[in-house]
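Given next, in structure tokens, is a single chain: the form predicted alone.
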Amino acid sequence: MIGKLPSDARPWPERRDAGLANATMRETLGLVTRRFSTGKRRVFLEDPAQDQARRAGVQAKRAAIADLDRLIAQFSSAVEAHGGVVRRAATAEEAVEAVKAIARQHQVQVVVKSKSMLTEEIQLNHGLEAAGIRVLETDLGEYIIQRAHETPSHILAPAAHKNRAQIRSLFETDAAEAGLRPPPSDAAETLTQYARERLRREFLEAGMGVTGANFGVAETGTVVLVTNEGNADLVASLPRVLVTVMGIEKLVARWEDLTLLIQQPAMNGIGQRLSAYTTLISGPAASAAEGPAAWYVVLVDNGRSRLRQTVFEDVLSCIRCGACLNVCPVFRQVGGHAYGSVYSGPIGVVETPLLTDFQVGAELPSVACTMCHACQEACPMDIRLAEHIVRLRQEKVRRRLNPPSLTASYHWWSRLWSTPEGYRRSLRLARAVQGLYRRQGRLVNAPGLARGWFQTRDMPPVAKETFLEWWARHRGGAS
């Protein structure tokens, strides 16, 4: 089955240029990603043994993906044995309908949510709001972008593209609409305090809470949430109904496997030894004073099964840590929204076209990667991201998804440069016309498809005499 992801109808050049023109986004995103990457290096230097646990965790996750059918059945039985209810959703539409049906069954009018990339993927908020249900994001970053009517720009830090002044402005508007006192300054503590007070009443009024899941332990039917804010615990405990929306790939077989993986999102994503909160959910509460009376788990496929038993199967091991985004030079410059869907950075370049069979993000492997391999080196789950991007480029050629002009240009370029004489002729041609594109001793433009390359860079001109030409002249003179 083919997955469905949200898609930005603007072409890549327009999305890219919008990112490049957003100086605030580039500055704030650069600061955040560099801080996360520095923290990651520090924690692994402080505790080298964690890398051994990471490698063992990779093997455990690979084994779980290979045995996924059995683990889904085991997990579902364990959840139901604890009083929970499992719903299977093959598509994004089925997942949204399942959550809407639960809300209707329990006459829910207000939903509070914790951070979940999967609910962004299936566009759950839009589906609930279309059904007349008010939805409130309670993660601070997600709350900010909900106020701004935007989507996350980073897997871990949804509002990383905004500075504090922009956030304060959003909160001032929000306060005016809600009849509340706005934050008195743009200090981080002040902004956080406003969001805390603003959301407190919503937790008490909500009839249903919705969470994602970082992991699911099949042997016990336990959902594991790894967060750095207390909001997820409130979402999972205060409303009378709890719904967990979880991708099928999140399952691991045993608790021993979980112990190998539990630190990896925090260590690799933000450079912390462990996230501030680790929440375990194994069933509805025994009494109303202890938590929700009903617990539902919606297991979502949405294209994931198509990747099993293929060369791309390791993509399902992604733990959404964001490490590949933090080191990617393209992501740092254009930001997450340029990728045109919910998953950005290198994992988005690979996963978006794969889940949707190239219906969304087909352009990404060709335009959003420099082949620096930094993502593949940074990935804690050893996903072969750079190699997959090459394979996707090859698949695009096989399917003839590239523009004919691009295919023809690469064809003739490869033919020209596949022989020494062809290479020399191209140099002589470039040397003859480069004066038209030369400014202050540098090449700043070029004709045809090469023009786009020069929009953000320049390069030295072709030398008056190459080494081979110099060698031939001197060798000829000596003889």
Partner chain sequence: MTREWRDTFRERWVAQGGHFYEASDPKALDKVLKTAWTDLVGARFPAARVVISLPADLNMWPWDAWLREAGASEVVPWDPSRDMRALAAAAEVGVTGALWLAAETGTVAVAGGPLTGLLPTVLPPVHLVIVGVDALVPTVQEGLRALYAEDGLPPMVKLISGPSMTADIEGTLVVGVHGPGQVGVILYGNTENDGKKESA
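Positions refer to the first chain, counted from 1. If you're wondering where the values come from, they're calculated on a predicted model, not measured in any experiment.
The same protein has a further form, the form predicted in complex with the partner chain, not shown here; the description that follows concerns it.
*Asks:* In the predicted bound form, which of the listed residues (Q105, T278, S409, S169) lies with a heavy atom within 4.5 Å of the partner chain?
*Replies:* So the residue touching the partner chain in the predicted bound form, by this definition, is T278.
*Asks:* Within 4.5 Å, heavy atoms only, which of P353, G322, G212, P158 is in contact with the partner chain in the predicted bound form?
*Replies:* In short, P158.
*Asks:* For R70, is any heavy atom within 4.5 Å of the partner chain in the predicted bound form, or not?
*Replies:* No.
*Asks:* Whether R442 contacts the partner chain in the predicted bound form should be assessed with a 4.5 Å heavy atom distance threshold; does it?
*Replies:* Result no; R442 lies far from the partner chain in the predicted bound form.
*Asks:* So, E421 and the partner chain: in the predicted bound form, are they within 4.5 Å at any heavy atom pair?
*Replies:* Taking the distances in the predicted bound form, the answer for E421 is no, it never comes within 4.5 Å of the partner chain.
*Asks:* Does the partner chain come within 4.5 Å of any heavy atom of L274 in the predicted bound form?
*Replies:* Output for L274 is yes: heavy atoms within 4.5 Å of the partner chain.
*Asks:* Of these, 141 to 149, 309 to 317, 327 to 335, 342 to 350, which stretch puts a heavy atom within 4.5 angstroms of the partner chain in the predicted bound form?
*Replies:* Going by heavy atoms within 4.5 Å, the stretch is 141 to 149.
*Asks:* Just to make sure I understand: among 196 to 219, which residues lie within 4.5 Å of the partner chain in the predicted bound form, judging by heavy atoms?
*Replies:* Heavy-atom contacts to the partner chain in the predicted bound form: R196, L199, R200, F203, L204, E219.
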